[in-house]
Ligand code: PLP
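Below sits a lone chain in structure tokens, taken as the form predicted alone.
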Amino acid sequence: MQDDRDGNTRALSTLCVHGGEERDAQGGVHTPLYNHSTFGFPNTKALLDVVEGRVEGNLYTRYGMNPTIRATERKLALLEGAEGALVFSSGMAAESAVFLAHCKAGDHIVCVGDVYGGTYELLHSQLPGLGIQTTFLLGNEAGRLAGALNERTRIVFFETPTNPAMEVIDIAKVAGAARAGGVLTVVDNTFASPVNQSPLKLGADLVVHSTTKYLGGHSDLTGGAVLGPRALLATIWPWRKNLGQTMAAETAFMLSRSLRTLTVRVRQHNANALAVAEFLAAHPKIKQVNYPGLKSFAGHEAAARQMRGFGGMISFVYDGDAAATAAVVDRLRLFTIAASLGGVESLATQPITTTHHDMDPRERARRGIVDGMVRLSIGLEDAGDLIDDLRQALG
């Protein structure tokens, strides 16, 4: 349950439909698409009231000051229980804006557990060129966090569940250690979505999403979001504005459409994924199944504490080398071989060929991202049909 903008307590599914929406003069039941680049004013005083922040209004879409974008941000903030939200052109744009806004040359970040390959590249290879260094801790090294912090540490960043091994990081525990050191906690909630997990309630300072995934849900938009206190977002906003990272109004309109069905979609993803994970766990050719909903999974206890559902993402390790594993993936018929995730259709990919292809093989091995690993994004097809497809591919 969350409070809406009028202070009423509403269930998440209700906020998905009604949160942030405003009817226009024509009476449309949802906020319309305003695909305007600029907005006019009746006089200079009215213009300055908006420019100088005395009145919330619309000015220029690159600034995010567009009614369609604003409505989508209000909805997202309500779903995450945040004071505010900023939407971006991609998830990587959202993450990079957070790091650039809250770190400068000489500062330090700690990254806990596995992360998306693009995030690792940004932290490992690009931010050091700006004088921002990152210490990487494996998920099972989270207990060493306090010793990894120093006087220049500004952010502790992690995903949970992680990509691709589905590690579960204890949000409250890590956030508590970061807070004790005076450091911000930033959590990527993409894999879980607000339906399954609420990092801000567990102590995180900021939440990021690739809205391309479950929030968009139909593999037809690309976007990102940052959510949290207005004071922290205010530092990020100028970076979004001046780097041109704002989400297009057309994309925000599509995202708002998708958010209206978020709860029903994610709950079905959860149910389908659990059924598929249980099938894989019993298959003789599968060495390991990574899914937080399995009681045999190492992170299940932590997941049960902080998650309301276990998500639609699974990874497993096939008993074979890279070529044999690719042959299994190639035999799939309902699963499409593709990167990304969170859509209504099921996808399969080997991390060594897509999400973590550019990571040094030694680093992949250190993280357990082996040649036989396959990542599945479980869609909304019938679970029995998905299991039949996996059975024939493995057979």
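Residue numbers here begin at 1 and follow the sequence given. Owing to the predicted nature of the structure, the values given are computational and were not obtained by experimental measurement.
Beyond what is shown, the protein has a form predicted in complex with ligand PLP; the following relates to that form.
- Proximity of residue 72 to ligand PLP in the model of the complex falls outside the 4.5 Å heavy atom cutoff.
- In the model of the complex, at least one heavy atom of residue 163 sits within 4.5 Å of a heavy atom of ligand PLP.
- Looking at residue 116, you'd find a heavy atom of it within 4.5 angstroms of ligand PLP in the model of the complex.
- The shortest heavy atom separation between residue 190 and ligand PLP in the model of the complex is within 4.5 Å.
- In summary, the region of this chain contacting ligand PLP in the model of the complex, judged by heavy atoms within 4.5 Å and restricted to 290-298, 229-237, 90-98, 147-155, corresponds to 90-98.
- In the model of the complex, no residue of the candidate spot (175, 199 and 306) has a heavy atom lying within 4.5 Å of ligand PLP.
- A heavy atom within 4.5 Å of ligand PLP in the model of the complex is found for one listed residue only; from 315, 212, 185, 246, this is 212.
- Counting a residue when any of its non-hydrogen atoms is within 4.5 Å of ligand PLP in the model of the complex, the one hit in 340-363 is 341.
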